[in-house]
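As a starting point, one isolated chain is supplied in structure tokens, in the form predicted on its own.
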């Protein structure tokens, strides 16, 4: 059993290849090349003769805990988020995953650090057997039609992460951003955020003279606001048209990848059960919900 860190580059390529073997859609390479592997991320791995057989990545984060959707009094607590929990396919059924997770659990208990993770549906029973408890998740949304024809407002500027000045702007805004609302959230984390943004599937908007950033995806008539960094506008209705391409179809529903401030969205905000997210917690009790752990802080 070894620990792979930012200071052991001789193991990085083997780790990236191992993850791609188990999860073909996950690519750590752009994230690593951008210098985003920090001392707060390490990988516990079982190896044999230089070959990686099983891994569990650990990200040290600061959780932000509150009671209810609009709690202004929040408690901070350090925790470990697990990701890249992966056993090589030809070694399934040999107990390697359980042995590795038990080592992770023992270490976390020694350091009094809660553990949490997002599981594949097929692995949910595995984590429950290790005393991880399921935390119900929700999808915050509001039904709101936003026409695009005749929009008088100028579109928000699109940022590009291949430009240094744009990445510096993201880092500056994020450093001043508070954690999102809801029962269980976390302090913003640039390394995790950029891991998601580097895949290019989301649009990064800048407005309000660079003091506000919105990260969005379009799915037909649905606009998903994956994250919002910096200042919130007093009237979000005045901003939403700027996040939509005038050549696209109208938006009829807004969904959030986090719990937004209720006073900004208004009385139409509702929380729909999210049955596709399998969120597990160990070592602490979950505060009162609703729980929508920010999409772009998930590893």
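All values derive from a computational prediction rather than experimental measurement. Positions refer to the first chain, counted from 1.
The following text describes the form predicted in complex with a small molecule, which does not appear among the structures shown.
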Exactly one stretch in 102 to 110, 118 to 126, 216 to 224, 194 to 202 has heavy atoms within 4.5 Å of the small molecule in the model of the complex; which is it?
118 to 126
Could you tell me which one of 186, 138, 170, 87 places a heavy atom within 4.5 Å of the small molecule in the model of the complex?
87
Would you kindly say which of 94, 74, 211, 77 lies with a heavy atom within 4.5 Å of the small molecule in the model of the complex?
94
Is residue 11 close enough to the small molecule in the model of the complex to count, meaning some heavy atom within 4.5 Å?
no
Can any non-hydrogen atom of residue 16 be found within 4.5 angstroms of the small molecule in the model of the complex?
no
Do residue 286 and the small molecule share at least one heavy atom pair within 4.5 Å in the model of the complex?
no
Answer with yes or no whether residue 98 is in contact with the small molecule in the model of the complex, where contact means some heavy atom within 4.5 Å.
yes
